[in-house]
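The form predicted alone is given below as one chain in structure tokens.
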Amino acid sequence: MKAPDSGRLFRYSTLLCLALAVIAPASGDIYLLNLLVLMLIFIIFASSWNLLALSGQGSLGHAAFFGIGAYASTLIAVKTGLSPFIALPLGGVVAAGVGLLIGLTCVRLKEWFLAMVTFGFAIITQTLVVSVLAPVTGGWSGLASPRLLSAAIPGNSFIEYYSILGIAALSILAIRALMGSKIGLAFAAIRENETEARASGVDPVRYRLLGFAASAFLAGVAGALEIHHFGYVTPDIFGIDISFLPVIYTIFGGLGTLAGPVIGTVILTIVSEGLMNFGLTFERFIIIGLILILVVIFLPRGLVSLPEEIRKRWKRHGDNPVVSQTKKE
């Protein structure tokens, strides 16, 4: 019996997910539409964190860039009257600029030392937003943010959903193009062996700064999208839980892979929402925690490696002498 083709399975799964993403809003369920929007936003956010990991760096405070993009986009849209669609990338640019400054001071640190710095930076940023910058940011009360599309526009919810779907798709395609370029090769060289990369003429500092800025930009865009979707921003956006979500989604789905953040975000969001709908408000965290432990133990490369593991088991089963003899008889 022929083993399943994992590459073909992945391609078919991708096409199926895209088809479902396009037709899902047809049900007209506002709850489902809102869930899909948040899922897409966190796919962008998780992918931004994964991009940083691909450049050989780590972050435990990515909510800082998520929140900076949200506040920057809101303030730009409010103060200038620009459309949120224009303010979105500008918020991402501000987040990238801050990320570049953090990178300049900490880029020579090893992964987890850098991760601790970003964790502390997220806490400092939240503190500044609610204290020193309160006259501008509104402190703990937050700020009203212009909606991505006016409620007066017919079908605004559907237009917003497909706009965010397009932005998510463009973000993933941009990361794919980046990782397939010379920059991606430099990232891989630095991640595997920085000394050898340097000997080959690759400047680790330069490429790490680029990776940090690109990751912060996408995180800022994701944060701006969330806030323009809800129409309000508060300092809670810098919370520790927001920083840990992209880490969990990416590792669960498959660290260092393009599909990992997408798979992790979709499946864990569906599981979490499904359990909550069954009334398991707090118990769901225990169940999700157990699922994460099992995946890390039995699928250390994440769910994205599941087709390959199935193929290997299938092959071992076919190569088993007892099974082979049974088939002949």
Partner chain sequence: MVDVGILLQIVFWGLYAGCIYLLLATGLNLIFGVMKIVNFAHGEFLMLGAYVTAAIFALSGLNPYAIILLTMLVLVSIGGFVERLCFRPILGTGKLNEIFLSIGLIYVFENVAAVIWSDRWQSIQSPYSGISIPIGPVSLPLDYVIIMVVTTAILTGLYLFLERTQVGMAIRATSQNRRGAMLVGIDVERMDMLSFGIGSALAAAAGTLWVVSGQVFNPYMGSIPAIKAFAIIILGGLGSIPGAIIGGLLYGLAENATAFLVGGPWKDAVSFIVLIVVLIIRPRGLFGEAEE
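Here the structure is a predicted model, which is why all the values come from computation and not from measurement. Residue numbers count along the first chain shown, from 1.
The same protein also exists as the form predicted together with the partner chain; that form is not shown, yet it is the one meant from here on.
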Site check F158, I263 and V271: each within 4.5 Å of the partner chain in the predicted complex by heavy atom: no
Contacting member of L109, I153, V136, L82, with respect to the partner chain in the predicted complex [4.5 Å, heavy atom]: L109
The partner chain: the contacting residue among L75, V202, I167, V117 in the predicted complex [heavy atom, 4.5 Å]: V117
Contact label in the predicted complex: L173 to the partner chain, heavy atom within 4.5 Å: no
Exercise: D241 in contact with the partner chain in the predicted complex, heavy atom 4.5 Å: yes
Partner proximity in the predicted complex: T127 to the partner chain, non-hydrogen atom cutoff 4.5 Å: yes
Heavy atom of L255 within 4.5 Å of the partner chain in the predicted complex: yes
Heavy atom contact within 4.5 Å of the partner chain in the predicted complex, the stretch among 202 to 210, 227 to 235, 245 to 253, 89 to 97: 245 to 253
Neighbours of the partner chain in the predicted complex among 140 to 179 [non-hydrogen atom within 4.5 angstroms]: none
